[in-house]
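Before any questions on how it binds or moves, here is one chain, the form predicted on its own, in structure tokens.
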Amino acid sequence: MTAPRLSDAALAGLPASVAKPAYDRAQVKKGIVHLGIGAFHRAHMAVCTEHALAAGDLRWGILGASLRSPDTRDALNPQDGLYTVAVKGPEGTRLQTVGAIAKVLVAPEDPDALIAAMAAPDVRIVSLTVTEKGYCHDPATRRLKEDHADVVHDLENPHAPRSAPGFIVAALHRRRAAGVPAFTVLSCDNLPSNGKTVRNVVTRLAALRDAAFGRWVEENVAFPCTMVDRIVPATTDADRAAVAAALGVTDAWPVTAEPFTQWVIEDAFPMGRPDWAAAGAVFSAEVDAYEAMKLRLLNGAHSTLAYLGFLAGRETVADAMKDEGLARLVRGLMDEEVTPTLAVPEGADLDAYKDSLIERFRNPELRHRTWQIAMDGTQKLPQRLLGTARDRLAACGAIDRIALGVAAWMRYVTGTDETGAPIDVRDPLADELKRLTAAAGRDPERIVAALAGIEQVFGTDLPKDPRFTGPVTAALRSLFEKGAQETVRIAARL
């Protein structure tokens, strides 16, 4: 017999140990539209927003939107938007059923419905978690890629856009025409100075549509910067089964997360915002400093672990951290190469933060797959490792561990692992990576020259600097000749 589905009607019957909405969901207004309604948003911003709703401020319900797949809509709408967050830590698992999301739309099915929803006067914030590649920008310059296929389409079809920036511009255009004030655009993605980057992209796209409209966007739309942090692995069938057993009802798409969560936000919300501080968010003028700490320490280490761990046959981050060589390498990366590049925010305890990262990486309850973290490397490397490399080289510092992380990415995107098995390389530039590495063969110098020549990733400076290409080439040669595990063992002695 199939268990009943999670729904508003099922809430009263959930076990007392499960936290659940205590407010009247029928009275909640949709004050936020969120583009990219994936697992991270549902374990992070939506949980923070749930606190505001629970405190009685019912203006901030979330309308979710998927820009590609109907999977989340198909899972959540039959559940009245409800889903469960399973927080997994050493002390066990804690469950919370979240009611902040009212409904999910699928943009390609009815673009106008999403534009109309974003243009509604009650909507005061449009937030995004669309990953780095969703901004149609050049990571090296943080500018709109005007030749991007989605940008070209959105300019030719402004009323039926495909991209997140295209939907934002279309909705702002409709609000301006109707005399409705502009919403705030809130990026929750791992981009350097994400608010400034999104401002660059959106204002340029608006100006390409109409110069006067572009000026209106620049003058009227707020783009606060944020720093987000929580490890949220992909949901597995085992997760679904465990949550169903605990709830007594079926949840088609729960999310799992670590206990740690952090959100630092620039307080620039002309149309108002929820009281996210009550949920632990920090409002600060030093978002850039927090962001650099997170991108370079957590994300830089995560990517390094992912590529080296995958090549060494480690399925998850926790598995990779069982290799003491990898664990020592990552801590050395943090201490010796990243820390000297950071401007530490006032009051922040950098050593405690690094200790917490190591503890989080070791969490055995989270099955965060190295292959998942390895996705979209061309979008991630510039802010996770290459910015640190530039700062170290400018200070005449060593970059041996950074170079090994970059080389591990290059080895990974050759598309074949150390056993000769194919690697499923997921990346916006996957075809180009395949072409470049196939032409270079297994020659480290040719591979480095070819891949470092991708200007939108490496810029024009790093490929010409032997202080960068030399260590990367040496590390890549070692990965080919000795393998990842032995290369890490040697490097961990640094």
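Counting begins at 1, following the sequence as shown. As the structure is a prediction and not an experimental result, all values here were calculated from the model.
The form predicted together with a small molecule exists for this protein as well; it is not shown, and the discussion that follows is about that form.
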{"property": "Partner-facing stretch of 372 to 380, 271 to 279, 337 to 345, 413 to 421, counted where any non-hydrogen atom is within 4.5 angstroms of the small molecule in the predicted bound form", "result": "372 to 380"}
{"property": "Answer option from H302, H173, R124, R162, heavy atom within 4.5 Å of the small molecule in the predicted bound form", "result": "H302"}
{"property": "Heavy atom within 4.5 Å of the small molecule in the predicted bound form - the one residue of Q79, N363, T203, N190 that qualifies", "result": "N190"}
{"property": "Contact of K133 with the small molecule in the predicted bound form (heavy atom, 4.5 Å)", "result": "no"}
{"property": "Contact of E291 with the small molecule in the predicted bound form (heavy atom, 4.5 Å)", "result": "no"}
{"property": "Non-hydrogen atom contact V228 with the small molecule in the predicted bound form at 4.5 angstroms", "result": "yes"}
{"property": "Contact flag, H368 vs the small molecule in the predicted bound form, heavy atom cut 4.5 Å", "result": "yes"}
